[in-house]
Structures are given as C-alpha cells and as structure tokens.
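Listed next as structure tokens is one chain, alone, in the form predicted on its own.
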C-alpha cells in the first residue's frame, strides 16, 4: 500500500495561498470535491475543525496533517499542498506550516484506514531529506513520485 493509492496528481497543490488554517482547509476541501471524493463540503469541514479543536494537527517540522472522519467522505483520500510562504497553524514547534497532508476517511473506515494513512506518513515525515525533497520539488510529477515512495 502506497500513499498515492489515496490520491491522484490532481490532488496536489504546488502553491497554496492561505493566510490561515481555515482558508487552507477550504481550498483543500475544494480539491476533494472536484475529485468527487466528498458529498458535503460543510460536513467534512466540520469534521476537520472538530478534530483540530482537540489539538493542533500541525505536528512540527513545518508539517500539518489535518484529518476528519465523516460520512461526507466517499473514499479514503489524501490531498497534499505546499505552502511556500508558510501558514501560522499553532504548530507544536511554533514554526509556520509549509507542507499540508489533509486526510479524509468515511466514518465506516475511520479506524483502520485513518490510522494506516497516519502511520504511513508518520514514518516518512521524521526524515529530514523526505520533507526537504517535498519543499524543493517544483512540479506535480516530482511530488507525486516522492509521495509514491511512502508505502507500508
């Protein structure tokens, strides 16, 4: 299983322009909607915000992994975005977020798929060279190729 099993190249944003986590989430949700992976943008946004209210999903190292479980999600999905200018996101280390992995899973698949995707990402995101490679990539193909190396 690879991270790219949960996404298409059209689910990669090279230059996310958002001045807040909320605006970033809305832009990423729009991608999910355009790819036909959600049925209700508002319900999915609420799931993301409710999760964020528990604790920040900005894990440090300029990375955020917002995620939500709701029946508004049709199939487990990941949207990736680079935010070169950074987004203030109440990160654990105080640094602005430059890499965002938004995960959505249907409520029925919440346990297994949700944790599987988080585990896949967690193992790779501790690698400085992996994060740097994503920041330095300039094309969707380069990012997709790097994300395809994230596998169980």
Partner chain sequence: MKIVAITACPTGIAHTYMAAEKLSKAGAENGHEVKVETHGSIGVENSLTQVEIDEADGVIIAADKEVDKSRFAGKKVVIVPVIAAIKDPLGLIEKTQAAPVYGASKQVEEKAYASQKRERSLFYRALMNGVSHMIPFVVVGGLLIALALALGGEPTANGLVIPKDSVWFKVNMIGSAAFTFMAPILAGYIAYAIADRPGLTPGIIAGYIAANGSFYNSEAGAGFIGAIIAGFIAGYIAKWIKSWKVPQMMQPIMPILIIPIIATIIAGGLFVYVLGAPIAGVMEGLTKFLEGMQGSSKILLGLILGGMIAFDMGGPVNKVAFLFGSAMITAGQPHIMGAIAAAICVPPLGMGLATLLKKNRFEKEEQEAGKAALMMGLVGITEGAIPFAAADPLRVIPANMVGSMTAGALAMVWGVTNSVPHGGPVVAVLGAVEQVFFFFLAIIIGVIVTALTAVTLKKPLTTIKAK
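Residue numbers count along the first chain shown, from 1. Because the structure is predicted, anything quoted here is derived from the model rather than measured.
This next part talks about the form predicted in complex with the partner chain, which is not shown.
Chemist: Within 4.5 Å of the partner chain in the predicted complex: all of 51, 56 and 119, by heavy atom?
Modeler: Checking in the predicted complex: 51, 56 and 119 are all within 4.5 Å of the partner chain.
Chemist: Based on heavy atom distances of 4.5 Å or less, which listed stretch (79-87, 36-44, 22-30, 59-67) is in contact with the partner chain in the predicted complex?
Modeler: Looking at the partner contacts, the answer comes out as 59-67.
Chemist: Applying a 4.5 Å heavy atom distance criterion, does residue 108 contact the partner chain in the predicted complex?
Modeler: Looking in the predicted complex, residue contacts with the partner chain do not include residue 108, since no heavy atom lies within 4.5 Å.
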